[in-house]
Ligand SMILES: Cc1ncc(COP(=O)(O)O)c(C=O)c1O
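One chain comes next, on its own, written out as C-alpha cells in the form predicted on its own.
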Amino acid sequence: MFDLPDDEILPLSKEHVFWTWSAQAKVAPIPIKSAKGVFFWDTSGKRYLDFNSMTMCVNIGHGDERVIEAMVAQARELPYAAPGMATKVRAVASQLVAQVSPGGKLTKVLFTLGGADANENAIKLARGYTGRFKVLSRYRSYHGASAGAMALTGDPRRVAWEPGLMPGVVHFLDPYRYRSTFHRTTPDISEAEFCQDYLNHLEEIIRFEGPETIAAILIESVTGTNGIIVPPEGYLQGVRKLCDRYGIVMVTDEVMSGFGRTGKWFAVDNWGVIPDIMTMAKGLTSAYAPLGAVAMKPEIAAAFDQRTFESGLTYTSHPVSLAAAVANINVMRADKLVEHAAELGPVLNRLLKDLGETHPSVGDVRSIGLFGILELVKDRKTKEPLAPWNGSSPEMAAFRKTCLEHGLYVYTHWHTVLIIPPLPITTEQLQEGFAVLDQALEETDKAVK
C-alpha cells in the first residue's frame, strides 16, 4: 500500500512523529505490521498475544472482515455527510445503541468522535437539563484528555494541565476495598457496611457542596486504568438513589467497561442500574474507526426541544465510523461475545488468583468478565506498592520487558498490570498469556521485603 520498507517504519516515525503520553526522547514503540484475532505481529515477524486489546478497545478482536467490508461498502456509497444530515447508517446505528443500552431506556443517542468528547457532551447535557453547574467525579478515574474530560479525571494526568481546565468539578473517593481510606484499622468490615460508608461519604460531599448546585455525578461503572475497581453490591444502586433524592443526573462512563467487557453489554447491567446518561467509545466500534456516543433518557434530550444544543464537530456521526459500529454490534451478537466474556470471567479470575497464591509480589487481584488486574506490592502486610504513585520502578520495567520478550503485550500502570484481552480469546490463549506472566512475576518477586 505504501512504498516504505518495513525496516524504515521505526526510524522514520521517530524522526517525524510527536508521541502522546510520552517523553519524546524515551519513546520505544513496537513497529507493528499486522494483526488478526487476539494476536499482532511486528515488522520482524514476531507474534504478540494482545492482553490489552491494543488500547483496551479491540473488543471483537483484530481484522474481522465483516466490519472491514461494512466500512468499505459505506465508503463507496457515502463516505461523508454533514452532521445535520440524516443517513441510513446513522438511523440504524442509533437504533442499535438504544437497543443494547441498559433496559433499552436510553433511547436518544448523540454520536461523538471518542470517549473524551462523549464525556464533555454528557456534562453539557446535564448542565443544560438541570440548570446547575457543578459535577462530582472520583479521584481514581480517567475520563479523557480534552480540557473538560481532563478536569473530570481525578488521577495525576489532570494535575499536569492545571490551572485552565473546566471549572466546577469536585472529586470524591472510590469504594476501593484493598486500599480503603476509611477502613485501614477495620479491614474486616462487612461489604454492606463498607458500601454504606462510601455512600455516606458521597452524600456528605453532596450536602457540603449544595445539592441545588450539582448537575451530575459522573463515574466509571467499573474503574478502568486506575485499578479495575469493581464496586461492592449496592454501591451503584446507592448512587442512583442519591441522584434521585437530590435531582442530580447520573452519568456512567462505559468507554472502557462497555460492549461486553464485564460479561454484560455494559457494566451497569451487572447491578441492574439505569443511568440518566451513559457515555461509550472504544468497544463501540472495537476501534476499527474512531467513534464515541452519549446515550440518554428521552427527558434529557427533551430539554433541548425548543432551544439549541450548542455543540458539535465536523466529523460528528461520520458514516464510515457508524458503519463500523453497526457491523461491530452485529458481530458481537452473532458470535455471542458478551456471553463468551461472561463464561470466561471465572477462568480469568481463577488464573489471577493462582498467580496471587504463587507470587509474593501480588498483593491483590480483581476481575469482572474479561476485565482484570494484578496489583503488585513490595510487602503484603503494609501494601507498599511496587512502584510509586504516578511513577514506575526497575522491577515494573523488568516485568514488562520480560512479557514483551516472550511475545505478551500487556499494559502496566504504576504498580498494576491490566488484563484486558479481546473478547474472543480462548481458555488456552489465556493460559498461554498467564504462563508468561508467571515468568515475569519472578522479576517483581525480587523486590518483596
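Numbering starts at 1 and runs along the sequence shown. All values derive from a computational prediction rather than experimental measurement.
Just so it is clear, the following notes concern the form predicted in complex with this ligand, a form of the same protein that is not shown.
Proximity of Met256 to this ligand in the predicted complex falls within the 4.5 Å heavy atom cutoff. None of the heavy atoms of Pro319 is located within 4.5 Å of this ligand in the predicted complex. Put simply, Glu375 is far from this ligand in the predicted complex: not one heavy atom of it is within 4.5 Å. Of the heavy atoms in Asn119, some are within 4.5 Å of this ligand in the predicted complex. The three marked residues, Pro102, Phe266 and Lys297, fail to reach this ligand in the predicted complex, with no heavy atom of any inside 4.5 Å.
Only one segment in the set 125-133, 266-274, 140-148, 195-203 has any non-hydrogen atom within 4.5 angstroms of this ligand in the predicted complex, and it is 140-148.
Scanning Gly154, Pro231, Gly114, Gly260 against this ligand in the predicted complex with a 4.5 Å heavy atom cut-off leaves one residue, Gly114. Contacts with this ligand in the predicted complex, taken as any heavy atom within 4.5 Å, map within 198-220 to Glu220 alone.
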